[in-house]
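In the block that follows, a single chain appears as structure tokens, in the form predicted alone.
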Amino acid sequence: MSTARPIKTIRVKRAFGAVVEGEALVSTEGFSPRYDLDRWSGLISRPGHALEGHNIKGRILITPSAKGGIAAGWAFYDIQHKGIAPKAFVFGVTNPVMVQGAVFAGITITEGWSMSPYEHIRTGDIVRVDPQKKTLTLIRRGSPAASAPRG
């Protein structure tokens, strides 16, 4: 984990999982693991999605909402098993089925923000999610090239 002084900390309302640190993947559009994601590669593949062409593997996905039900929750286990899951899901709003899916898969998950992350965090920035402290922390700015899609 980084020892750099945080730039900005946002409180989250609910959180579960391990403390993780990594590159942020930020979207103002909701996320469905069934309809937005190629579950063999980890690429956001739905045409027109705000993150189309970006890969979620090993990233910290920050998005306003989780879309889906029981099958979407099970998809979290599927992508974790395949090694293409993000380090964490940071949702503005989610539902119990998605939380169950993330917990079962061992993926860190949070819900709710004390302030909008969109004003402070951008794709490519390095962030830390600490479920015990219920925080999302911007550790350092990423390079502008980090926001470009990559498979």
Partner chain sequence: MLRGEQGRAVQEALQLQLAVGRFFGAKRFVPVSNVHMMGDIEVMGDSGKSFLERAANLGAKCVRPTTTNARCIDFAYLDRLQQSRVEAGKEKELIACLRRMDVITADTCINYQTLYQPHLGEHVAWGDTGTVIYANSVYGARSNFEAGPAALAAGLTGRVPEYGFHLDEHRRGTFQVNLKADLHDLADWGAVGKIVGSGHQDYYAVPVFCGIKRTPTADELKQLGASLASYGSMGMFHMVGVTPEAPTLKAAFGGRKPKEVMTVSNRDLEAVYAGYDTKNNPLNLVVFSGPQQSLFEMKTLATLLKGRKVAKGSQLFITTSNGVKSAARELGYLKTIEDAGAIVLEGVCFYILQNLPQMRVREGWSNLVTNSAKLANIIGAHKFNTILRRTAECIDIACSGKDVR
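None of these values were measured; they are calculated from a predicted model. Residue numbers count along the first chain shown, from 1.
Keep in mind the form predicted together with its partner chain is missing from the figure; the text below concerns it.
Visitor: For G69, is any heavy atom within 4.5 Å of its partner chain in the model of the complex, or not?
Guide: Yes, contact at 4.5 Å.
Visitor: Using a 4.5 angstroms cut-off on non-hydrogen atoms, would N55 count as touching its partner chain in the model of the complex?
Guide: No, no contact at 4.5 Å.
Visitor: Would you please decide whether V97 lies within 4.5 angstroms of its partner chain in the model of the complex, comparing each non-hydrogen atom pair?
Guide: Yes, V97 lies within 4.5 Å of its partner chain in the model of the complex.
Visitor: With a cut-off of 4.5 Å between heavy atoms, is F104 one of the residues that contacts its partner chain in the model of the complex?
Guide: Flag for F104 set to yes.
Visitor: For a quick check, can you give me the residues of 105-142 that have a heavy atom within 4.5 Å of its partner chain in the model of the complex?
Guide: Going through 105-142 in order - heavy atoms within 4.5 Å of its partner chain in the model of the complex - the hits are I109, T110, E111.
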